[in-house]
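Here's a solo chain for you in structure tokens, the form predicted alone.
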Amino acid sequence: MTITAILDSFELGLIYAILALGVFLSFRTLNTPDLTVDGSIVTGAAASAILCSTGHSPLVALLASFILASLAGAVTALLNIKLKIEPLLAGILVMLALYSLNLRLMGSRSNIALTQSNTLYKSFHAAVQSNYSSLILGIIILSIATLSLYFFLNTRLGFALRATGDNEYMVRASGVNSNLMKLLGLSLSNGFVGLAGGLLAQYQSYSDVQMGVGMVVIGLASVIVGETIFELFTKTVPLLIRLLAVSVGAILYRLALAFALSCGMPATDLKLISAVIVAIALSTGVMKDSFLKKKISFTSNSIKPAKDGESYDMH
């Protein structure tokens, strides 16, 4: 695997880490599987591409990406809260609707090129004049996003949001509006996803209506891989470390894909590789428990019962 491939994987991994933060917020914090992600990331990319191609500031484009994707998450939450549609099905319905809405947003075009438009990555590269400008910018943006989410989750509102995912009935008994927490959580979650989409469009210099396919799998893979690695070393993981673990998981996920491609794996099999990575990460906990049980069983069987007046003998 070449240095260029590794660098590209890190740069993309930093963008996907923001996507993974959004998935972490819905999947782990709210304990809600949200499939809106596959549509809202395209919404963010489309909004970013449209505004950049029409001469607007790239920062304004990213803000629009966050807001529009947040609205998509809010619709998913409202379908669940008001119409009592299951969260999984509500996410699927919004994801389907977003495909048509994203096409309308893009002017009925399947893709928009930004090769001739100003983007945040181009502006930053012109300012720092470094071959690692995209990497530096990605680290800065991810750091701001991670710290913002960390400080928010440590506010009273953030604690209420986290408690809603842990025990909704207890939260209601405490006088907190759990429905409002769900609305806030899914909106913020998809806002981060939309921000990732906006950054992805500006990084790749194009937006495509099909670019959201499988993005929820990428987010889940990043969350699970990162958490699995950190849980191998300690059982108790603080919130900030968990958020950092998500980012590490996203980068490792991209590196794994790059390694697979460098080994001759065709690009058409990337989704298969993604599924295998998620399956391995999910099964790690089961394999770890099985290993511990066998270790305990082996240890107990290796001790002979002592006879009267004799000490224990070890094989």
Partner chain sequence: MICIEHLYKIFGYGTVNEKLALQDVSLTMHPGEFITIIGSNGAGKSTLMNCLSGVEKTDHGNIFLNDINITKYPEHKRSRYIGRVFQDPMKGTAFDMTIEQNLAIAYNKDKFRGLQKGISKKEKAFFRERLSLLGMGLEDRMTQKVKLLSGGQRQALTLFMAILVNPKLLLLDEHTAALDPATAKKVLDLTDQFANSKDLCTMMITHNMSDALRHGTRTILMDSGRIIMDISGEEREKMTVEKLIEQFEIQNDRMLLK
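Positions refer to the first chain, counted from 1. Nothing here was measured: the structure is a model prediction, and the numbers come from that model.
The discussion below concerns the form predicted together with its partner chain, not included here.
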{"item": "Option touching its partner chain, based on a heavy atom within 4.5 Å in the model of the complex, out of Ala74, Ile81, Ile229, Leu157", "value": "Leu157"}
{"item": "Heavy atom of Ser174 within 4.5 Å of its partner chain in the model of the complex", "value": "yes"}
{"item": "Any non-hydrogen atom of Ala163 within 4.5 angstroms of its partner chain in the model of the complex", "value": "yes"}
{"item": "Arg242 within 4.5 Å of its partner chain in the model of the complex, heavy atoms", "value": "yes"}
{"item": "Close approach of Ile144 to its partner chain in the model of the complex, 4.5 Å, heavy atom", "value": "no"}
{"item": "Option from 107-115, 121-129, 149-157, 91-99 whose residues, in the model of the complex, bring a heavy atom within 4.5 Å of its partner chain", "value": "149-157"}
